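Only one chain is given next, in structure tokens, and it is the form predicted alone.
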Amino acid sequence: MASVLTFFTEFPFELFVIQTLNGIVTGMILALIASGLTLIFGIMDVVNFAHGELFMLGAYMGVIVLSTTGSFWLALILATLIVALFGAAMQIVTLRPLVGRDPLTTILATFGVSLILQNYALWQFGPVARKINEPYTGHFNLFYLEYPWYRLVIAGLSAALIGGFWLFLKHGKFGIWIRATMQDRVMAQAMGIPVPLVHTAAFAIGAGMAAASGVLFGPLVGVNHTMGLDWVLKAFIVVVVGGMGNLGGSIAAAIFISLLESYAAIWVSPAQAVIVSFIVLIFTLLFRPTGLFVPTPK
């Protein structure tokens, strides 16, 4: 008992605050990625293995637009729109013909698209990582660190995009169509909702959200053809922990898991701290397979 009290009294409070902030920033980016993945699964029952490559493609589109125009914000908007259009075309060409078939076929199809996009990016851009210059280079003092303002901008923009998406689903006509299709696809079609169009639009929105995440996170890391692998794996964990098809649960799970990894990184290396998310996933599958943040039916 004495050793536990000693640990808490000697634990550096400033480190706890810094890691909390890091966890929230990472969690908001992860929530933005997972929201698109949750939307695609919730409305189409498709496990999109190419979601990480849409994240990567968005980052590369950001690199191209930024080098051409010099504007980060224009790069963010255009990359999101371009990848959203690509996602719509991908859904029409690759997934729409597979509607009603064995789910394994859609998994294999999206996995094939993932490999194609990875190898295309490697062929087109090479193995050397590209850089997206952050729009804000300033820092502020946070205890013994100079913390970059851009990290807070990432969290704020991610929250704004997720909030806008939620308002769209709640009040927009097309958002209502999406929610109706998610609840009952057959009934929605019987009521005159163009379900194939809704599927395409939902996939495009999910792709655009992944692309926006890639552009926002690009300044913090190098942009390369494999950058989507780690993120899509975390996004799948978040979707399972938050509840398949549950948007609010995915957001809560993203922040929860990111905070746990940030706190674990205090005692172990960041590479080892990733294990925490897999532990949470295992316990979720064992004891709450419907998701930690899904309300229990009364």
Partner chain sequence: MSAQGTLQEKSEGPLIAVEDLHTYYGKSHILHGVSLTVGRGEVVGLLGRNGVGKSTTLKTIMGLIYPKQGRIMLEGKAVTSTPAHKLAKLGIAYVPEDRRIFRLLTVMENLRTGLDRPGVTDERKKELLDKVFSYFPVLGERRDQAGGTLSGGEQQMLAIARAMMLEPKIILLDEPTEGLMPRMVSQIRQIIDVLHSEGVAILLVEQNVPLTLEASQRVYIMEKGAIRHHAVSSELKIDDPVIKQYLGV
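Fair warning: this is a prediction, and the values are worked out from it, not measured in the lab. Residue numbers count along the first chain shown, from 1.
The next section is about a form of this same protein that is not shown, the form predicted together with its partner chain.
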Here the chain appears without its partner; judged in the model of the complex, the stretch of 104-112, 178-186, 210-218, 153-161 with heavy atoms within 4.5 Å of its partner chain is 178-186
Students should find that, of L142, I92, V99, I193, the residue having a non-hydrogen atom no more than 4.5 angstroms from its partner chain in the model of the complex is I193
Give a yes or no for G172: in the model of the complex, does one of its heavy atoms lie within 4.5 Å of a heavy atom belonging to its partner chain?
-> yes
